[in-house]
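Below you will find one chain, with nothing else, as structure tokens; this is the form predicted on its own, and questions on how it binds or moves follow later.
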């Protein structure tokens, strides 16, 4: 039915392990429909770091890069490592090392079962900006560097323009080029260049502060939003709040130029939530919908659509975890979704 796909599974820390278990059920279901999936589980996270001092060993990274087709990622972050260095090293190595420039975060009310009706898709640059973790700290002074390069900006914006054109949707660039004249000035120049190449897309650029205000006042006026790493993170988190919170928000990152065999990483937007870990309170929807995004990028549209329909059906029937005002545990919520999947 399909070629074999090798997926690296990195549950990570905290609730990442719990929601990943529900994603693995989704992989089993896809296998039952004839999809050929091989998984390799990797112990990257706080427990491994505390035991060995390793974050993402070179041999493991090379195996992911050269021998896997995609990554299913849970979350990282643990209070036993207060500076979060293991999480930063793992995420940066995967995002930058695999050149996963494009981070896609859809916010569809049809998949949330509650909240303001909207259909917003955020394209966030995933490897640069102020999240590159370069800078310095000295007494009374701290510097965070934001790095922006034209190749990364162009890859992100081209993906956003192509998606907006395919869905006949408006595209908005969020920027602060009026103040951040160098970095965001480059974003604006590349955006204006690509806008000329895509006259079929209704494209505009907005100052990010004005955009956020408008996003609160009239979210239905937006379609596709493109932004740098920092602004894209904030905008997509605001959109997730309309749908019930971070627990329902999915994402997928990819390298459109495919420099390596592994060019996909699917992960929920939420973090490791150590205060919820081990209590069965985590919402598995973000992880399950991220798995649906992975299926879609692998070309498995029937499975992707079925997962999304199962989530919407479960929520529509009143199945909710505590963050959505319900009382279901992670596993019971997962089962409510799985029970709605076709054989």
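Residue numbers count along the first chain shown, from 1. The shown structure was predicted, so the numbers you read here are calculated from the model rather than taken from an experiment.
Absent from the display: the form predicted in complex with ligand NAD. The rest refers to it.
Considering ligand NAD in the predicted bound form, the lone stretch of 214-222, 171-179, 141-149, 88-96 in range is 88-96 [heavy atom distance within 4.5 Å]. Although the partner is absent here, residue 271 is a contact residue: one of its heavy atoms lies within 4.5 angstroms of ligand NAD in the predicted bound form.
At least one heavy atom of residue 276 is located within 4.5 Å of ligand NAD in the predicted bound form.
Contact check for residue 247: a heavy atom falls within 4.5 Å of ligand NAD in the predicted bound form.
Residue contact with ligand NAD in the predicted bound form: residue 254 places no heavy atom within 4.5 Å of it. For the three residues 38, 290 and 300, a heavy atom within 4.5 Å of ligand NAD turns up in the predicted bound form in no case.
A heavy atom within 4.5 Å of ligand NAD in the predicted bound form is found for exactly one of 266, 153, 76, 239: 76. Shown without its partner, the chain has 282, 283 in segment 277-316 as residues with a non-hydrogen atom within 4.5 angstroms of ligand NAD in the predicted bound form.
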